[in-house]
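Shown below, as structure tokens, is a lone chain in the form predicted on its own; questions about how it binds or moves come after it.
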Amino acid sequence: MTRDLSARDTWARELMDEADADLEMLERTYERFGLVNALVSRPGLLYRRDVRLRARRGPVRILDIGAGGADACRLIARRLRRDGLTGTITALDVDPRAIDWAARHDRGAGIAYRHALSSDLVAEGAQFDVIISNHVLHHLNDAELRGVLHDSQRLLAPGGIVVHRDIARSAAAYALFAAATWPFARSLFRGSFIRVDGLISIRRSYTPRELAAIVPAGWRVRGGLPARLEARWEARATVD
């Protein structure tokens, strides 16, 4: 059956987002995220390009919005230690199940886990040098997306950067993910939501053109391979 990917399928809902999602399958999904994201999202590139540069100036404050199992946070923590750099990392998620699992699997990373909204951190007056998200934007409707972008700008310290990364919707991305995950459906991804929810995620995702039409002035939107989407915003450094 051919999927119509000409528009976002905002009615589709990922199974792991359901309140009654099977907890064992959910936790197995968090466990597998590290491998999937390492191949698809390349958090190491994000670290080299945007985090390390700022960490070399001094201790860096990092916020991951919608951190899920916090695999990206743990990777960044390891890279900072490897490079002899310091910083604090906050993993934020609205799903207490994700925060609970991530906190139990911190593995000495020393990450701060928060069950909260980005707007809660704004109300607290929090500030960060690097704000990231991965595969979060497609979960949001247009109004929620604008809210997260607005919160990100308010949470960013002078000279900081926001990088929201997601999947770019296309027929090719859908077909590629379906083909690449099929051989592992009964092995590596068995008993998880990875394959089913991954396909739903692509159906819900924005195209670069759609996202560029929504973001406020000053944001930069670009696509990349494989089927990547990124929205970036940089805060000007203060002048003494």
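Nothing here was measured: the structure is a model prediction, and the numbers come from that model. In case it trips you up, residue 1 is the first one in the sequence shown, and so on.
Not pictured, yet referred to below: the form predicted in complex with a small molecule.
- With the small molecule omitted here, the record of contacts in the model of the complex names 137-145 of 120-128, 137-145, 153-161, 104-112, defined by a heavy atom within 4.5 Å.
- Proximity of Val94 to the small molecule in the model of the complex falls within the 4.5 Å heavy atom cutoff.
- In the model of the complex, Ser192 stays away from the small molecule, with no heavy atom inside 4.5 Å.
- Though the partner is left out of this view, Tyr47 does not reach within 4.5 Å of the small molecule in the model of the complex, counting heavy atoms only.
- Taking the partner from elsewhere, Tyr206 is found to have every heavy atom lying beyond 4.5 Å of the small molecule in the model of the complex.
- Site residues Met16, Phe33 and Ile65 are all in contact with the small molecule in the model of the complex, judged by any heavy atom within 4.5 Å.
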